[in-house]
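Read the single chain below, which is given as structure tokens and is the form predicted on its own.
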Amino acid sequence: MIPPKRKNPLLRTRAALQPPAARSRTALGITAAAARGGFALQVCAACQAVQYPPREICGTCLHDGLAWRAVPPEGTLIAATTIRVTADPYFRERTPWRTGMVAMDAGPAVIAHLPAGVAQGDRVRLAQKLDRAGQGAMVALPLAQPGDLLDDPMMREMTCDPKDRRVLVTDGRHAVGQDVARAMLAAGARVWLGVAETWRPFAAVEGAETIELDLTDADSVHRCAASHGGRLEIVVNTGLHTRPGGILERGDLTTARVEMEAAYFGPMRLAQAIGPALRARAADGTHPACAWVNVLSVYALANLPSWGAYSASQSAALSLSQALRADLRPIRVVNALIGPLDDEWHQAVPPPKLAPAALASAIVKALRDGVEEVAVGDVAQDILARFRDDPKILERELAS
């Protein structure tokens, strides 16, 4: 009997590998800062010493009051090395991989990933980025960033730059979807623009390929997934159905059902159809599938009673997005939180209002920055800040 041939453990696997993801609860502070596009480290309340790595008590005075605060990210690269052999399967497929030690002006020395062009002795700016496992990691960037920095293989692992990637924008009938398509094309992406009922007149976007896609129709979603699901690298869900009205004044569930279809059931339907292929393509060479973007109202965080039913549908969509963040990993799930748009349904709402083109630009920037959450516009940024300060106070403010 001939024994079965054993698999070579050093051969490349097609599985979507992830870097080591184990973190203590304390260390998740770096992940939280990276998800928001910030930079924070622990600072001792007693002696003001900046801490790294994250810990339970101060390494200088043993005080246990360590709060996460924004600190200056600049420092000097005092050592650099190139890893060419590693036992970790994720990094083994990506060698050579550069790392180094940065002496921060704020005090601690940290280990960071290094893109090409950063040399020992250089002044650098540290950034906290989400890696492919969705955990925070340190990256040392040159103070004067070259224009091609995002093309660096290490930076493409840490971000979701649309350049040279294939993008699906789900709703081409809405101004938001049209402007997102234009912004993606300008960023160097190939764009498929979903349009429900293509036989009805609609404004085509030059350069984007129009495909039939209606998230409320299971057959339409499955046809789209069969034709394009295996080629997608970024999905931008721009499906919006925005109508004013509180819970009691509506008087029926008709509009609420349409809002839930657009905000919750439609994206779930699309995720079930395209998600497995998208996740499987997360290991595809230099252009892997990398991101799923949801456009959500900031009132998903706290209900605005005058738009109460719509806010409730957005809360359901936000919860769905959080579930997808776990199910789709290592695909990055990005939430773009918005306030009132400058459209027909917000004509009676006083300014400031958000222009669809500004939202489109913010989505491209969020993908390039590699963040999970971005508040777009003055209203959304204000509501998000107040929510983080005290959700209960914000609830009462919106109710009044």
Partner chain sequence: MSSPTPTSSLADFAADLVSGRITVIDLTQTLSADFPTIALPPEFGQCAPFRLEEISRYDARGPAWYWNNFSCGEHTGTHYDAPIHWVSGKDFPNNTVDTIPADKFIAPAVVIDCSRETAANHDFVLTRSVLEAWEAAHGPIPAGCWVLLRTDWSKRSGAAYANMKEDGAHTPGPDPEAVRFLVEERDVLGFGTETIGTDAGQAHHFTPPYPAHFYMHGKGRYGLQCLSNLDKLPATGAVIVSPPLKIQGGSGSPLRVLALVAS
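For clarity, every value in this text was computed on a predicted model and none was experimentally measured. Positions refer to the first chain, counted from 1.
Omitted from view is the form predicted in complex with the partner chain, to which the following refers.
Taking 319, 306, 145, 216 one by one, only a single residue has any non-hydrogen atom within 4.5 Å of the partner chain in the model of the complex, and it is 216. Residue 269 is the only one of 156, 269, 125, 228 with a heavy atom lying within 4.5 Å of the partner chain in the model of the complex. Although the partner is absent here, residue 251 is not a contact residue: none of its heavy atoms lies within 4.5 angstroms of the partner chain in the model of the complex. Among heavy atoms of residue 210, none comes within 4.5 Å of the partner chain in the model of the complex. Within this chain, residue 190 is remote from the site of the partner chain in the model of the complex, having no heavy atom within 4.5 Å. Taking the partner from elsewhere, residue 243 is found to have a heavy atom lying within 4.5 Å of the partner chain in the model of the complex.
Picking from 287-295, 180-188, 324-332, 217-225 the stretch near the partner chain in the model of the complex, with a 4.5 Å limit on heavy atoms, gives 217-225. Residues of 341-373 placing a heavy atom within 4.5 Å of the partner chain in the model of the complex: 345 alone.
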